[in-house]
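Shown below, as structure tokens, is a lone chain in the form predicted on its own; questions about how it binds or moves come after it.
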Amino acid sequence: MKIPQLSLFLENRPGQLGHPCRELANAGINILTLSLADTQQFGILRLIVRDWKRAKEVLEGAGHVVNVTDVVAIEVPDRPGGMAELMEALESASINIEYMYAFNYRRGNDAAVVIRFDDPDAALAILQKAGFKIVSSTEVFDNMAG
């Protein structure tokens, strides 16, 4: 199952990350997980929230340009080699990862990662065939506060 993720470009200078965080807080929207990547001129804030449509409206209303992309959350065995097994399954099928990040999710002995694939449908099919558990948006939201 694919999960909607919001992405915003931010200027790479002090105070820019606080603005969207405050806007979401003022609207009562909790950020479940996020990732921030930067270059010299700008940063890309990626985040997952429960009500992404409302969050998008709030952020756009505050002057941000917001892009919505689909990502996939995958359970990974939380032990040495767990991530290597995931990478091997993807590499054997020539599935490309655009980026990934971990988030605060745990079920039994598994953790999870959020991945943006260039072909998410192909990635989902390969991962399910290889026996990896795909985390639904409902499971993400139920497993985390907010």
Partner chain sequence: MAGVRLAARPVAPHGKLTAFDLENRILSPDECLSRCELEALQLARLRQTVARAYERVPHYRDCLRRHGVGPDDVRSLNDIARLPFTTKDDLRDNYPLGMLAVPRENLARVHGSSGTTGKPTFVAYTRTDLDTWARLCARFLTAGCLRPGHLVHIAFGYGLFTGGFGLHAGVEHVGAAIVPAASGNTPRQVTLLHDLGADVLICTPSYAVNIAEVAAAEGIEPSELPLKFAHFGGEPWTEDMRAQIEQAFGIVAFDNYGLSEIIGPGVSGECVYRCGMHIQEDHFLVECVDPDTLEPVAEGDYGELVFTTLTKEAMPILRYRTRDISRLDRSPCACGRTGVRMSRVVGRTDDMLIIRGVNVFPSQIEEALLRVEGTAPQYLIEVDRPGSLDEVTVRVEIRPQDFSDKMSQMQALRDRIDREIHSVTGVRVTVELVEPLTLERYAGKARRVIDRRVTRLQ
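From a predicted model like this one, the values you see are computed outputs, not experimental measurements. Numbering follows the first chain given and starts at 1.
From this point on, the text means the form predicted together with the partner chain, which you will not see here.
J.: Asn104, Gln128 and Lys133 - do all three of these have some heavy atom no more than 4.5 Å from the partner chain in the predicted bound form?
T.: Zero of three within 4.5 Å in the predicted bound form.
J.: Within 4.5 angstroms, counting heavy atoms, which one of the listed stretches 47-55, 65-73, 79-87, 26-34 is next to the partner chain in the predicted bound form?
T.: In the other structure, the partner sits against 65-73.
J.: Test of understanding: in the predicted bound form, would Leu8 fall inside 4.5 Å of the partner chain by heavy atoms?
T.: Leu8: contacts the partner chain in the predicted bound form.
J.: State yes or no: in the predicted bound form, is some non-hydrogen atom of Gln16 no more than 4.5 angstroms from a non-hydrogen atom of the partner chain?
T.: Contact check for Gln16: yes, within 4.5 Å of the partner chain in the predicted bound form.
J.: Taking the partner chain as it sits in the predicted bound form, is Asp121 in contact with it (heavy atom to heavy atom, 4.5 Å or less)?
T.: Residue-level check for Asp121: no, no contact with the partner chain.
J.: Would Glu98 show up as a contact with the partner chain in the predicted bound form if we use heavy atoms at 4.5 Å?
T.: Glu98 belongs to the contact set for the partner chain.
J.: Using the arrangement in the predicted bound form, list in sequence order the residues of 38-61 with any heavy atom within 4.5 angstroms of the partner chain.
T.: Asp38, Thr39, Gln41, Phe42, Ile44, Arg46 sit within 4.5 Å of the partner.
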